[in-house]
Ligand SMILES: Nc1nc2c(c(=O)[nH]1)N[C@H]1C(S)=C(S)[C@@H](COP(=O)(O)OP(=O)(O)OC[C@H]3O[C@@H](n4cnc5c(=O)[nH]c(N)nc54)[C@H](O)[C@@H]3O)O[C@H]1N2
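Single chain ahead, by itself, as structure tokens, in the form predicted alone.
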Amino acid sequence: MENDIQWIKTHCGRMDHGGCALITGVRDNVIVKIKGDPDGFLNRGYICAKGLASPGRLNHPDRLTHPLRRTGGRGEGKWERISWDEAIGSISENFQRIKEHYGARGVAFCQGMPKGIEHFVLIRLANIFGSPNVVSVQDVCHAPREVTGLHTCGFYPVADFHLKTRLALVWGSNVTRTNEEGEICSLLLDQIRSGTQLIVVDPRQTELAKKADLWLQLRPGTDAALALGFLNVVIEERLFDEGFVEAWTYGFEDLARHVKRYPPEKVAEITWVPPDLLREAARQYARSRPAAIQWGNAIEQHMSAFDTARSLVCIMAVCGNLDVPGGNIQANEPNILALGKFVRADLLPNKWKEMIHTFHHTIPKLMTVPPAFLRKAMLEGFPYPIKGAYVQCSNPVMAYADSRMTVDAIHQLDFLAVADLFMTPTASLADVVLPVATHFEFNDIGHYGLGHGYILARPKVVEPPEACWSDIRILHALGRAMTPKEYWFDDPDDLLEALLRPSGITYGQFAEKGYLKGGDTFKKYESRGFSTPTGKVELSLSTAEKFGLRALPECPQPPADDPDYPLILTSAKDPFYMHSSYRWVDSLRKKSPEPVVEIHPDTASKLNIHDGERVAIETRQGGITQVARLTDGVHPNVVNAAYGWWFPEDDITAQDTWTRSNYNILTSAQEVGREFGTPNLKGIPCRVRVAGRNRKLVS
């Protein structure tokens, strides 16, 4: 019955950052078939398991389909169904009440990773409401790379795989298994097939590591040391681009003296990467021009994120790979509405002075509040109390370091509203829960504001259930209810039209085109310099003293050996889920039914652990259980645990649902990096044993 199927093109979203062009087959308002679009700008026909399974979200029996209001104690699971007018009115009334008592800054507007323009509509709402506090997990995802790039070279250096590169250095990135901000594997794999060399830096033997010419299996959490070792080799052996360094860098001599402290032999002691392997990798990268560093957000999940990102930008710069075709480029945005205008930044001109993290002296240009500092405000009232929160596209109980701290902080709120597709551990603690539309059920724009130089059309392909609203529509309604209506429209889709207006096309025309991309121009610094105080790449930061930063990237020592916790804990994203989402989609759950911890066979043998056995993983912070999988793809001293696990099939009100296997029971937010408020999510001392043997889990 193919003849009665309507085929509609769109782009994937919310199963990851999105970016895969899709062809969806629709019959009677139901998606009956889905496939990758061979003309896709990024994916060229590729589609992952999550994309194939994505229609399974739409008609799931446990999907939220009506607004709910809490009737019992927080987290008791007692709800009453309410109308949308009641829901919007309740949120508006409570936020206005908090604003009267604590000021607008007493309300936080929280988002997970940006999934469409809803993140920027949320910022717009916060700005118009008067709150400087938009909270996001950018401290461990994107901000360290982007903001460090802004301070070092004036832009966010993006790997250019659309044009030929001689070598790809993939550092903490696993693009064949997860989609990081549109860095889909298709373009990189095409490069490799056409002869591009591949070097992979990763504690695990990923699929890309198996394809690599060189695989550097570093100790988790020691990326900064390894990058400084690269710089030592490049500078000591004079493999750098002398013309670029002379004309376009500031502080090279200081950097050269500094990295003498990091010869490969010393770095090997810290990172476990053999000196000769480090030397060979550094030489290959430096001699291959152009070369691109595909850096993933794994490098941002340590307190040393700033130093790691600084060191990697310095490597790009001294080797002449900044803003050249096939290198790490300053992407040119298409002619669309600038972010500041879209979010109405003009209405809160002194925002940076009032944001929570400003009082913690974080790095300038960090524009979202790190979760560690949000919870301190909620629990301790520093720098001022947070009493209300709106949460969308996020599940903080599972996503933030130290899940117990998150739950304790939520209990201190006067009011919490959560918009989600499903009743999550975070939504179960809310006062009002709002049912959202899936990305197939509303018009959206992908990749706005991510700095990659393009935006993607995500037109609606089916109608949502009657009482399910898109995040954009919800925010638009809240804006009209609790801020001046003059800043909003009659139709929330007009926000998309406003964003596109400078391009001269309508949303319908944009959907026909599929994407908009900025023009390709390179070496822009030759005509205008770099957007830094010196006009050059600042290998040594000229603003270091002014902002209280380190002028040169440093290498923190890894934690001292702890005989009680002799192994090193790390984690990786599951290719069948997005963070804590979609374990309730049956087709995905069958592919990844249980939380799995990877252990080297030699280590397992010493601990008398067998494959498939349930084991306890313990840190000084807490303990969980997961299922052992024996593999030589991890180092004997490393265990790789599953992240994001909870059990939606269980009673949502039971604590065990979110504590049993949740990686963030093992992490702490007591100590964080000053620049971004980043906690250590990897490289944590741990121990592993068969569950139930000898002692209880750490509480």
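Residue positions are given as counts along the sequence shown, with the first one as 1. Keep in mind that what you see is a predicted model, and the values were worked out from it rather than measured.
Beyond what is shown, the protein has a form predicted in complex with the ligand; the following relates to that form.
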| query | finding |
| --- | --- |
| Site test, Glu146, Leu150 and Val537 vs the ligand in the predicted complex, non-hydrogen atom cutoff 4.5 Å | no |
| One residue of Pro290, Pro464, Gly172, Pro385 in contact with the ligand, assessed in the predicted complex (non-hydrogen atom, 4.5 angstroms) | Gly172 |
| Contact residue in the predicted complex, chosen from Asp323, Glu618, Glu180, Asp160 - any heavy atom within 4.5 Å of the ligand | Glu180 |
| 4.5 Å heavy atom contact, Lys50 and the ligand in the predicted complex | yes |
| Partner contact for Tyr582 in the predicted complex: the ligand, 4.5 angstroms, heavy atom | yes |
| In the predicted complex, Ser394 touching the ligand (heavy atom, 4.5 Å) | yes |
| Close approach of Pro575 to the ligand in the predicted complex, 4.5 Å, heavy atom | yes |
| Stretch in contact in the predicted complex with the ligand, which is absent here, among 556 to 564, 72 to 80, 134 to 142, 345 to 353 (heavy atoms within 4.5 Å) | 134 to 142 |
| Contact set, 196 to 224 vs the ligand in the predicted complex - heavy atom within 4.5 angstroms | Val201, Asp202, Pro203, Arg204, Thr206, Leu218, Pro220, Gly221, Asp223 |
